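Let's start with one chain on its own, the form predicted on its own, as structure tokens.
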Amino acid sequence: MLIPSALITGFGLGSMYGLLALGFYVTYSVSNTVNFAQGSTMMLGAVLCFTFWVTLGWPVWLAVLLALLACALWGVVVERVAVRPFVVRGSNAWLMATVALGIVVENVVLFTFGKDPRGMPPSFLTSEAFFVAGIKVQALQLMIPIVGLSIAVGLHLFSRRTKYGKALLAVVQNPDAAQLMGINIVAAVLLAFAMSGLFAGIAGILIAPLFTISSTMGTLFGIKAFAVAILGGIGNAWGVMAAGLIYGLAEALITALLGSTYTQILTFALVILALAIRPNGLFGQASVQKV
């Protein structure tokens, strides 16, 4: 039962990694930038949900809604404060600025939320379980991949089948032409960062009941999600989600078979090896250079 159980765990973790990595995909596809505060945004979603629900005693649906709204708004703040001022000058300093902003958020949460990790109280999603092929599976473990894959499908359909989605993709390809066609470049980029924050918030709220909540919980998750985004080919939504599943399954299997001591060593080594063989990612394609 060890391997089947690891596969179920890995599928859930992989879906969460893929969901978090979709935040990198959406900002890169629209603005050719990424939000390195994505991990801290995930943490923010979990902390705010806990605060609204447990500390303040608000209904769980309201706590989730407000936490997701705050994460989306935080994504907008990141774009306005740490990305746009540098992009308009042609500088790549937004790379460090988003990292720094994420560290600021983590320290603010540390001083307000506290340094002691906390756990979400039991709920239907963690107390109810089902048996799949004789293996006990929590409802939350089934919900995470359903939500993650559903968002990936919705994002793919939105970007490829709707005029608004195509308009967003046109922004990064040729901003001047997109603006001449009536596309609001500023609004498109803000929307992309809001979606990025929303995806991170969803991932944080879903994963919070399975881990302890703390100001530093998003750091390693953010690094892994970026690795997943690069591994999948950051411009391919399906590739990013597939890479998340592959990474999650590999991580769970290594932990189950070899122990947690080797988990980070081998999973990141596999990422390096995969990128050495396919520099554009497992599902990415080399960009065409016009001369």
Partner chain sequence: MKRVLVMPRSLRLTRRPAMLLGMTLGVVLAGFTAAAHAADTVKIGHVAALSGPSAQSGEAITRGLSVAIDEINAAGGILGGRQIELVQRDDESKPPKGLIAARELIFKEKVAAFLGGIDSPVSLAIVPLANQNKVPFMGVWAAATPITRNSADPNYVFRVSAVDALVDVKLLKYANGKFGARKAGLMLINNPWGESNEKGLVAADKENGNIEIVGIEKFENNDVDMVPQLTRLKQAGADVIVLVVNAPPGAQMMKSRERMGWNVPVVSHWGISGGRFPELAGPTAGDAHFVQTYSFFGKQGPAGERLLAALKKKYPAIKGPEDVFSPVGTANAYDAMHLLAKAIDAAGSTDGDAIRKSLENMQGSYQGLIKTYSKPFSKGNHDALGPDDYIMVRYVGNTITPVE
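Computed from a prediction, not measured in an experiment: that's the story for all the values here. Basically, rigid core = biggest C-alpha set you can superpose within 1.5 Å across the two forms. Numbering follows the first chain given and starts at 1.
There is another form of the same protein, the form predicted together with the partner chain; it is not shown, and what comes next is about it.
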item: Residue contact check: Ala250 to the partner chain in the predicted bound form, 4.5 Å heavy atom; value: no
item: Contact of Ile146 with the partner chain in the predicted bound form (heavy atom, 4.5 Å); value: no
item: Exercise: Ile202 in contact with the partner chain in the predicted bound form, heavy atom 4.5 Å; value: no
item: Contact flag, Phe52 vs the partner chain in the predicted bound form, heavy atom cut 4.5 Å; value: no
item: Contacting member of Leu110, Leu73, Val153, Leu190, with respect to the partner chain in the predicted bound form [4.5 Å, heavy atom]; value: Leu110
item: Stretch 4 to 29: residues contacting the partner chain in the predicted bound form, 4.5 Å heavy atom cut-off; value: Ser5, Thr9, Leu13, Tyr28
item: Gly57 C-alpha moves between the shown form and the other one by 2 Å or more, core aligned; value: no
